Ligand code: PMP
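Okay, here we've got a single chain as C-alpha cells, the form predicted alone, with questions on binding and movement later.
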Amino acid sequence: MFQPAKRCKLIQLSEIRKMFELVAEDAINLSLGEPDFDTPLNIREAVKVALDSGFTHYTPNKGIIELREAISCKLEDENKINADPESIIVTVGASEALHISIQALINSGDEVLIPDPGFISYDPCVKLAEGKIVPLELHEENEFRMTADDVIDTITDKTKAIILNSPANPTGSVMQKEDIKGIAEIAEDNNIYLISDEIYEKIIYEGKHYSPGRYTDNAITINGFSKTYAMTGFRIGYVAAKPELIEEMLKVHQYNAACASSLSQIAGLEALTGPQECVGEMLNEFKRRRDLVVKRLNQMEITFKAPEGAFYVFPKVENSMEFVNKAINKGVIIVNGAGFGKCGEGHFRISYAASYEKLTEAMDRLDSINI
C-alpha cells in the first residue's frame, strides 16, 4: 500500500489553484495573481533573437553573469542593498527562491514566523523543511501591516526566520519604513534571518517600498519579473543574500533545477536593462482597476480601506465561504480568505489583475448577490 512521505501529508494543494480549476467557460476568474497584460514587446523580441542565435543550452548554475550584474546594480540603485553578482542566484521564479532559501536555512523544529493572513506558499514551504510554523497575526484595524511590536511579541529563542511580504498578498498592505527598520534591528539583535518576498515592490499606489536588506545583512531578498513585467510564464526570479548562505542555497538549487531557463534569463536581462515605461503604464492601469473594485464594493456596503499595493483587495463579509460559493454560482471565481490563514477567516480575496471590462462585469455579478 502506498504511503506518501509524512512531510507531504502535512500540506494541502493550493486553495487558489483549487478555485482556478473551477473556472467554467463563461466564468470570470479573479482568483489568480497574474497580470493580463502581454509581456512587453522588447522583452519578447530579445528572446526571439536569443532563440535564433541558439542560446538554448545550460547556463551557469547561478545564472548568466550579465543578468546577475544587472540584478546587482538594480539592488544597489533601487533597494540600497549591496549584493555582488556572486551573492545572487537566478531562480525558476520567486517561488523557487523561496523554497531554496527555506531549505538551506531551516532545520527540523526551527520556528519560522509567517504573516497571517499571508501568501499560501509560506506555510507548506516551511513544513516541507520540517520547520515549525508560528503565525504572526495581522489585524484589519492596523491595515494588516506587520509591525516591529508584532514581531517582538512573537519571537522565541527558537525563532530562526521571519517571512516578510510587502506589498502583501492577499491584503495589499505596504509596510512602513519604521517597522521594516525596527524588524531588521530585532533580527540583528536575536540572530534571526528575514526572508523578504518583494515580488510586488513596483506595484505601490500609496507609500514607498523599503527592503530589509537595506538595514541588515541578515536579510534574504527574493524578487522576480512575473508581476512587474507581466512575465509569469517565463518563471524567472532571483535571490540575494550573504555569500555563506548563498553557497548553501546553491546546493539545493543545483539538485532541484540546475539552472533557470536560458531564454528566460535573456528575458529578465532585457526587462531590467531595456525601456521601463511599461512599468508605469501597468501601474497606472492597476490603480484604475483598484479604484473601480473599491468603489463598487463600497457601493455594495462592503467597506474596507483601499489597498496600497499589489493587485488584491481583501474585504470582510459575515460569511465568506457562503459569499464565495454564491460568487461561483454567478460565474465569478474569488478565493476564501481562510486559505491565507486563520486571520483571513471572514474575508475573501479579489485579484484585479484582470481587464477593466472583465472587472466591471464581475462586479455587476457580485452586486446581484444577496449578502
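Keep in mind that what you see is a predicted model, and the values were worked out from it rather than measured. The first residue of the shown sequence is 1; numbering continues from there.
We do not show the form predicted together with the named molecule, though everything after this point is about it.
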key: residue 131: touches the named molecule in the model of the complex, heavy atom cutoff 4.5 angstroms   = no
key: Partner contact for residue 95 in the model of the complex: the named molecule, 4.5 angstroms, heavy atom   = yes
ask   = Does residue 219 reach the named molecule in the model of the complex, with heavy atoms at most 4.5 Å apart?
value = no
request  = Evaluate residue 228 for contact with the named molecule in the model of the complex, applying a 4.5 angstroms cut-off between non-hydrogen atoms, and reply yes or no.
outcome  = no
4.5 Å heavy atom contact with the named molecule in the model of the complex for all of 145, 308 and 348 = no
query = Heavy atoms within 4.5 Å of the named molecule in the model of the complex: which stretch among 250-258, 149-157, 264-272, 199-207?
reply = 199-207
query = Pick from 286, 215, 193, 122: which residue has any heavy atom within 4.5 angstroms of the named molecule in the model of the complex?
reply = 122
message = Which residue, 74, 235, 296, 181, is the contact with the named molecule in the model of the complex, using a 4.5 Å heavy atom cutoff?
response = 235
ask   = Considering only 135-170, what residues come within 4.5 Å of the named molecule in the model of the complex, judged by heavy atoms?
value = 165, 169
